[in-house]
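To begin, one chain is listed below as structure tokens, in the form predicted on its own.
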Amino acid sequence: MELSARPIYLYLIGYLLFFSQCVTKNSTAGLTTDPVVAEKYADPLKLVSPFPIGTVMSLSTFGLPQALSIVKTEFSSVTCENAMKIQATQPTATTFNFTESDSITNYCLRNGIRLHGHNLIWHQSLPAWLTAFQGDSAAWENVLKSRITTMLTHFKGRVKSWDVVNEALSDDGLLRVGVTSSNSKASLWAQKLGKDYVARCFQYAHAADPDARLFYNDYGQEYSPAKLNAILAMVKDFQKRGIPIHGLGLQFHTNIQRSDTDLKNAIAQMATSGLLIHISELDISMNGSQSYSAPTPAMLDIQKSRMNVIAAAYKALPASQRFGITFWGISDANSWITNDWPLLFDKSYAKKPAYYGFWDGLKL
């Protein structure tokens, strides 16, 4: 009995060891103890990429050692997630508070990280004083110009690029003015200042800091041809009129259901503008029409593939147009998309398959 049981016992041990190694190498967290794999991906993203790779930071990031370590190790560019928006920087019409934004700016300067300004003018996240503002069109124009001038002047020489206007267009390609079936979020700026306020924002920004690179930033280019074409038409109009604009931000808040063709087309079409192209707020959501309690291996593989496609398609652009790719979050633990897994690092700050897909795309 003892002799016949021994081979089975050894077989079971061998099987368990093999299974354990497979789990370690193929964990959904992207962890691996395989020395060959570890050596291949030893270089961080910022060293692999020929263009800046970025993420977002908030004041809370300083209290998250694992997140801060990833910022230092992997990324060469940072965007303030909320700290530079009007709600965070302008408590009244005539006063500014730069405590949070200066903390992030100074951290980036100390660590040799580029800081991209986000954003000067947006129709959302408005402070109560602005939504209640009763001034005439001249007073509104003064608020607009004063805000842009103060921000550019304060950060001049430290922040060298800005999202001047964010999301001015709705999905139908029309300016956000009133509420329509395709545009549930109207813009007070457009309502109070007219359709050409976007152009004046760029003029005010350029006057305040002639050396700053100025971007228009928006989402939906990968699914809305109307918005994509409207942005390109706006650029042509600005160029014809001598309005200073240097770059376009494609947010790319996308999902695993979006096709590779849609993603590649958006990047290629926006590049026809000849401007700098910034994939400015990248994340790839898992949950769509259905909600999942955990990502499946198949979902993680699709996300990995999408990250690979985006990195490779962006790398194919002319080097002179590659401003960089910025992820809208450091890890799934602090993404603005709750109960999902849209980023390169999981909720334990471990690399996911998406990380390796993106890394490989940069190396193609």
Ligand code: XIL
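What you see is a predicted model, and the numbers here were worked out from it, not measured in a lab. Counting begins at 1, following the sequence as shown.
There is another form of this protein, the form predicted in complex with the ligand, and it is not shown here; the text below is about that form.
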(message) Between S161, S170, N166, S224, only one gets a heavy atom within 4.5 angstroms of the ligand in the model of the complex; which residue is that?
(response) N166
(message) By the heavy atom within 4.5 Å rule, which residue out of S103, N287, T150, N82 makes contact with the ligand in the model of the complex?
(response) N82
(request) Please check if Y107 has a heavy atom lying within 4.5 Å of any heavy atom of the ligand in the model of the complex. (result) no
(message) in the model of the complex, is there a heavy atom of the ligand that lies within 4.5 Å of any heavy atom of R200, even though the partner is absent here?
(response) no
(request) Report whether the minimum heavy atom distance between W336 and the ligand in the model of the complex is within 4.5 Å. (result) yes
(message) in the model of the complex, is there a heavy atom of the ligand that lies within 4.5 Å of any heavy atom of D209, even though the partner is absent here?
(response) no
(request) Establish, in the model of the complex, whether F51, T55 and H278 all lie within 4.5 Å of the ligand, using non-hydrogen atoms for the distance. (result) no
(request) Just one of 328-336, 61-69, 39-47, 306-314 has residues with a heavy atom within 4.5 Å of the ligand in the model of the complex, so point it out. (result) 328-336
(message) Under the 4.5 Å heavy atom criterion, name the residues of 58-76 that approach the ligand in the model of the complex, in sequence order.
(response) none
